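There is one chain below, alone, in structure tokens, taken in the form predicted alone.
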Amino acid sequence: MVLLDGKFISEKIKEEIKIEVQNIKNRGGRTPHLAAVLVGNDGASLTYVGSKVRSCEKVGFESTLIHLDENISEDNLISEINKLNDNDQIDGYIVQLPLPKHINEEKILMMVNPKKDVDGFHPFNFGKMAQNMDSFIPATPQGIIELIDRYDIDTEGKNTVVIGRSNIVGRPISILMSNKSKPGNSTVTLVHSRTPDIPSFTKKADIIIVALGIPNFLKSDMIKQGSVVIDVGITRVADKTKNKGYRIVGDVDFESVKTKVSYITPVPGGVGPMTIAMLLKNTLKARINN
């Protein structure tokens, strides 16, 4: 069993980005600049955005946090987004999800300039990705592909099962894994919460990517010997033995599964760090494209 160490690989990628940023500066170019829009004070979102800002500093990016009141009107939020669209000093930006219930997420994401959409959520970028064209790819699926690539895991002709159909992870990674590319060229089955008898699919899978949001969902008896398991899930579970009062749990029952797999991502330290690294990579790409 080999651990797919997302923390280690993400640090390598950050070092590569840092060198590219220094090269841009040495040529007299402008430093890449990433902005983040955070509405409200959701604890997980605050932690995630804080991590992004620290990562920007590490690679030499400029970063801006636009922290808005959770009661902001939809029109005022759109006004803030338009300012970012019009700001030539901002290469890319993200709108941290989830947004408050009174704001239409779809409407807000449609307002993002596709050329600055480093999250890869805009339909313009999603459509280009689906056609295997150059685009901004959502950071988590891109991070999974990068992790598979860096560990040289063979995907061609393999049977891949993706559990979960979200637009952020499940759908895009199913497209990327079936693309005529490397990694890619696998035969993909997408299952979800309404799929009867999910184990009948996962037991035949060479590669399983779980993004369902249910802690410890994938058990040892649901996989075959030697499979590759990538866990995208991240849930806070109450645990009084921990200083923070909780522990982070993935969608895979790691302890039972680890003895049967050839490769597996830990949680935390697997896909999560790769997501932030890919966001930085997309921002660098946006800067180069500008």
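Just so it is clear, the structure is predicted and the values come from calculations on it, not from any experiment. All residue numbers are counted from 1 along the displayed sequence.
Missing here is the form predicted together with a small molecule; even so, the following discussion is about that form.
*Asks:* So which of Ala205, Ile137, Leu212, Ile94 reaches within 4.5 angstroms of the small molecule in the model of the complex, heavy atom to heavy atom?
*Replies:* Checking each option against the small molecule in the model of the complex, the one that comes within 4.5 Å is Ile94.
*Asks:* Are any of the heavy atoms in Ile168 no more than 4.5 Å from a heavy atom of the small molecule in the model of the complex?
*Replies:* Flag for Ile168 set to yes.
*Asks:* May I ask you to check whether His33 falls inside a 4.5 Å heavy atom distance of the small molecule in the model of the complex?
*Replies:* Heavy-atom contact with the small molecule at 4.5 Å: absent for His33.
*Asks:* With a 4.5 Å heavy atom cut-off, would you call Lys52 a contact of the small molecule in the model of the complex?
*Replies:* Judged by the heavy-atom cut-off of 4.5 Å, Lys52 is in contact with the small molecule in the model of the complex.
*Asks:* Can you tell me which of 216-224, 174-182, 194-202, 95-103 lies within 4.5 Å of the small molecule in the model of the complex, counting heavy atoms only?
*Replies:* Heavy atoms within 4.5 Å of the small molecule in the model of the complex occur in 95-103.
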